[in-house]
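A single chain, nothing else alongside it, follows as structure tokens in the form predicted alone.
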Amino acid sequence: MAVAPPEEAVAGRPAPAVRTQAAERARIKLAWRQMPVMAGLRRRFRPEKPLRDVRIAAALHISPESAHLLVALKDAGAHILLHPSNPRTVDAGAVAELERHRTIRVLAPDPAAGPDRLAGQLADFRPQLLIDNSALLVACAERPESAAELVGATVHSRSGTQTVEALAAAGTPLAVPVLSLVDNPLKNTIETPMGTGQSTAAAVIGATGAQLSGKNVAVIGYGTAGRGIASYISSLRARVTVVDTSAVACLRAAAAGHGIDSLTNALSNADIVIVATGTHGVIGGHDLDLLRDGVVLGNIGHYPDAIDVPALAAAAKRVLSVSTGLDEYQLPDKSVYLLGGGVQFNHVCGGGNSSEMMDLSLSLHALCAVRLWERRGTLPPGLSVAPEELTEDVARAKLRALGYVG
């Protein structure tokens, strides 16, 4: 299988401009300006130091937005250890800001390393709080001594809550409170549908240059993210077809004006396929024959094996790098364009959700961390939702920043 030369050499395209360190910092500063709730928390935390000398381990997408959360926690007095939750979504500028200018330790991404290596790093760090996408919880389960001083945790994703539930089902529940933001209204009615909807549409357009109006777009999965994606894509005049295993989800999609169909039919007719299920093995090698020539294929879910990329690579005669985050797989009878290497392409091809949207849940993480520490030893262990009063605090602060007073 031949692989194309680097992007800058493809089709005579000039090399992308290299940002200076000053430009990188200016980009991050702009993102932080667009996060007024977090900025307000930092102003409050600096004199109060509510997390003085608390050790916090975090596993997150490393972005300008998550970097702002970590800086806010440091302003609150905490010591931070950051693990990249996905090596493909690491923003180099954010890493440089954290390590060079904020002296926050960032672990090097290592896709081949298992949970035992991370567990060893946690055991050395002795975290008292976690902010997790699931990797830290798995590592703590592998080596319980890693969690010996743990007071509590927050989880950002559905995979995180599933990890907590799986540990409980296996008889190894965490003996600390775990606050979930997954079903919080800031996240599941605003940030995920609107933020992911916009970032997904922007990533498709940015990577491919496609005009979405008139395109047949299959959205596989009509959960919180899928609903937002379908809404944004259809607002750009694309023809959206939804696939979901739930009859209720399909009925909701039909009521929203979308088409509904089987996976086989949807794949056969789609110009663009977006997997938004957050599950494994959605599109396998046996589905490749269904795809049209020139189809654009991408996954925004947490699991990198939602699309069987090895099967796609094995079937290809040649793979070409077309643009940042977009590869052409030349099969014997067609070309398939894969976004983001099969992983969360709204992060890989774009920058993930907007700073304004991420301001909501990340600010809530900061407030939940303070709550867990201040009330340590008094909160019940196990999974629970983020407190309603903290959610209201974030919403009010955002409204004030938007100019709504009252």
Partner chain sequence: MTDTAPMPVLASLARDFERRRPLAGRRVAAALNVTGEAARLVRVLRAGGAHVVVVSSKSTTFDPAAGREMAALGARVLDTPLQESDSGVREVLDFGPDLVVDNGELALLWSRTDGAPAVLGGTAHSQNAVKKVTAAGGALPFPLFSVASAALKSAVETAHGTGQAALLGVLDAGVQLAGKSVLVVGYGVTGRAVADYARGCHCRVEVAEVSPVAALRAVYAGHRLVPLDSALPAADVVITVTDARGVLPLERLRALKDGAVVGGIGHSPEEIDRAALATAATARTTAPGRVEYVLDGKRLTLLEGPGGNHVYAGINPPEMMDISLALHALCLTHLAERPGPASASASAAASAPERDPLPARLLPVPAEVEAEVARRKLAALGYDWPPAPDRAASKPDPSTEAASASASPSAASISTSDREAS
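None of the values given here were measured: they were computed from a predicted structure. Positions refer to the first chain, counted from 1.
This protein has a second form, the form predicted together with its partner chain, left out of what is shown; the following refers to that one.
At a distance of at most 4.5 angstroms from its partner chain in the model of the complex, all three residues Asn269, Gly281 and Lys398 contribute at least one non-hydrogen atom. With a 4.5 Å cutoff on heavy atoms, Ala147 does not count as touching its partner chain in the model of the complex; it lies far away.
Proximity of Arg102 to its partner chain in the model of the complex: non-hydrogen atoms within 4.5 Å are absent; the residue sits far from the partner. Residue contact with its partner chain in the model of the complex: Thr189 places a heavy atom within 4.5 Å of it. Remark: Lys317 does not count among the residues lining its partner chain in the model of the complex, judged by a heavy atom distance of 4.5 Å or less. Only one of the listed residues (Leu331, Met194, Ala168, Ala311) places a non-hydrogen atom within 4.5 angstroms of its partner chain in the model of the complex, and that residue is Met194. For the candidate set Pro87, Pro185, Pro304, Gly77, a heavy atom within 4.5 Å of its partner chain in the model of the complex is found for exactly one residue, namely Pro185. The chain is drawn here without its partner chain; in the model of the complex, the stretch among 332 to 340, 237 to 245, 318 to 326, 136 to 144 whose residues come within 4.5 Å of it by any heavy atom is 237 to 245.
In the model of the complex, Met357, Leu360 are the residues of 357 to 379 with at least one heavy atom within 4.5 Å of its partner chain, listed from first to last.
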